[in-house]
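To begin, one chain is listed below as structure tokens, in the form predicted on its own.
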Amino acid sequence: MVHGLKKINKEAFDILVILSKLAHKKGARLYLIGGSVRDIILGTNSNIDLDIVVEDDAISFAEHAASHFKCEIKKHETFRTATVFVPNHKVDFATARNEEYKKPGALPTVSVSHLKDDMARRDFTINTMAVDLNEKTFGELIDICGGQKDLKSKVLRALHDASFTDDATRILRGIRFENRFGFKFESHTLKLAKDAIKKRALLNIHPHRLYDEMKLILDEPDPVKCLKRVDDICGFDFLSNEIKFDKDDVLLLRRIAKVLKTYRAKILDKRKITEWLVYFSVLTYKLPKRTLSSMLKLYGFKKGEELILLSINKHLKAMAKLKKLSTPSKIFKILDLFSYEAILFFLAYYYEDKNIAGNIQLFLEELSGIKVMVRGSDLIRLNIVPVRIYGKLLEALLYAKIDKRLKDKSAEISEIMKIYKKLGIQ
């Protein structure tokens, strides 16, 4: 496995070598574990996360490592974990531990233990493998749960029959792994997942954790496939029993994927957008407003995210008025009120209507971000009074600039003088 470790980038490999030497001097035992090892074997990413299990006090060792690298450390005393921010790399240290679930869905009670117990507490066999980082056995693969075999067979296998009742978020995590790696739930594991769903296991999970899992699902490379799989395995009752997901929603998701791909570069040049929220809107745009508002608060959506989802829910049907608008400024007046996330959703929803979609595309490609160059100081220099009308004048100028395609500041000044004269203010 030493050869396998060398598949990662040299900086990360050198960090592991240094940590091994530090552990030897300190008398601690270190292991690279979980997704890090999985990704090394798959060869999917040379810039792997460095997740380290310590058979000792992880925080104490992390402090030692941070001192050596002269870098920042963030400690989490409750879980006996720490993160060390080595230049260009984040290294997570966790104390080898055992977990006990006192009731389904609850956060586990954690106790310090050994590597074997730490492996046994994980979700799937493919995430149990470890690479020994101790000096004399550096690079040896430790696989006591058959993870390498399941990795080759491309199956997700739960470690024990209570896995999904203990923590039902593992079902959603498994769906992400299926999508990302092209794996499938092993038949008995899929049965366990569906049995847990029948027992409403996802409803035992704190809503904020479900928010985190849905966000991760929708950040996957193919969120459309992920959402279809969530619907197949568990549906969306764990979010709201009023969500009705159907084949039209699948088509809408595919149009969203197409729209995002088309406009990604153009939109990101102007403003970073939250793409996962556009996909999530497919689950919420049909909900009653009161249901949606309650759901968003319960699951801990951020205020800005709430506003976007509520605006889509409230104004989607009103976008039909774009069908009859004739001037660019009228299109601008309507769409400039909304976030890019909402506008892209509107475009996907009305994609088959050439007039509505065409007007939204015009806004995205030509009108969005247009601003006037004339400022209040220019109006003062032009002896335009009173000052209280400046806002009205500049707004009228903006719409004139959009419709008349004014190209430079001199054209804007000429236009605003015309607007001012029309007002007839002396």
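For every residue, the number given is its place in the sequence shown, counted from 1. All of these numbers come straight from a predicted model, not from anything done at the bench.
What comes next is about the form predicted together with ligand CTP, which is not displayed.
Taking the partner from elsewhere, R170 is found to have a heavy atom lying within 4.5 Å of ligand CTP in the predicted complex. Taking non-hydrogen atoms only, D150 never approaches ligand CTP to within 4.5 angstroms in the predicted complex. Of the heavy atoms in F177, some are within 4.5 Å of ligand CTP in the predicted complex. Contact between G358 and ligand CTP in the predicted complex is not found at the 4.5 Å heavy atom cutoff. Segments offered: 389-397, 31-39, 53-61, 374-382. Contacting ligand CTP in the predicted complex at heavy atom distances within 4.5 Å is 31-39. The partner is absent here; in the predicted complex, the one residue of T165, N127, T274, T81 having a heavy atom within 4.5 Å of ligand CTP is N127. Only one of D123, E186, D143, D249 lies close to ligand CTP in the predicted complex, with a heavy atom inside 4.5 Å, and it is D123. Taking ligand CTP as it sits in the predicted complex, the stretch 203-221 comes within 4.5 angstroms of it through a non-hydrogen atom at just one residue, R209.
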